[in-house]
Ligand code: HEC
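Next up is one chain by itself, shown in structure tokens, the form predicted on its own.
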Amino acid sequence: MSRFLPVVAGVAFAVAAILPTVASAADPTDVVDYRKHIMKTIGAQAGAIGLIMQQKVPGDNFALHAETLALVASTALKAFEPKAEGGEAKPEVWAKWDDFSKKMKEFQAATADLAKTAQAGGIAAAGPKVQAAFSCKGCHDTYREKK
């Protein structure tokens, strides 16, 4: 499972290294599209973990999904820094930036903890941490437009 982590980490590092340059020159529409992809990836990994936790699918890839979630979560705040309004982000994201960024950092920490625990102890050890990692409602209620 972890054999893909160095590749994923390398790609993430490369993206993080060029993001500030790209973001400063990017069209706001492209920035919003990028942000949507990040958030959809988080949602997809959360969905996969949810299916595993509900025992609807085998849990063989639980730790890999947790690692992927943590990696993508680590890029999420940066995706909002260009302050390109649009998509499902409410203007409150930028009006209340300190609170928003604090919540995003808490999400990053919770997903990193989930991934670390899943790697070390599997579903049994990490299961209780899933809910803490997915406390999205508080942030979404304030900062996300309802579909």
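When you see a residue number, it is the position in the sequence shown, counting from 1. Bear in mind the structure is a predicted one, so any value in this text is a computation, not a measurement.
There is also a form predicted together with the ligand; it is not shown, and the following applies to it.
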So which of 78, 116, 96, 103 gets a non-hydrogen atom within 4.5 Å of the ligand in the predicted bound form?
-> 103
Heavy atom within 4.5 Å of the ligand in the predicted bound form - the one residue of 122, 43, 91, 58 that qualifies | 43
Taking heavy atoms and a 4.5 Å cut-off, does residue 39 contact the ligand in the predicted bound form?
-> yes
In the predicted bound form, does residue 50 have a heavy atom within 4.5 Å of the ligand?
-> no
Could you confirm whether residue 35 comes within 4.5 Å of the ligand in the predicted bound form, counting heavy atoms only?
-> yes
Residue 107 near the ligand in the predicted bound form, any heavy atom under 4.5 Å?
-> yes
Listed by sequence position, which residues of 123-147 have a non-hydrogen atom within 4.5 angstroms of the ligand in the predicted bound form?
-> 134, 135, 136, 139, 140, 143, 144
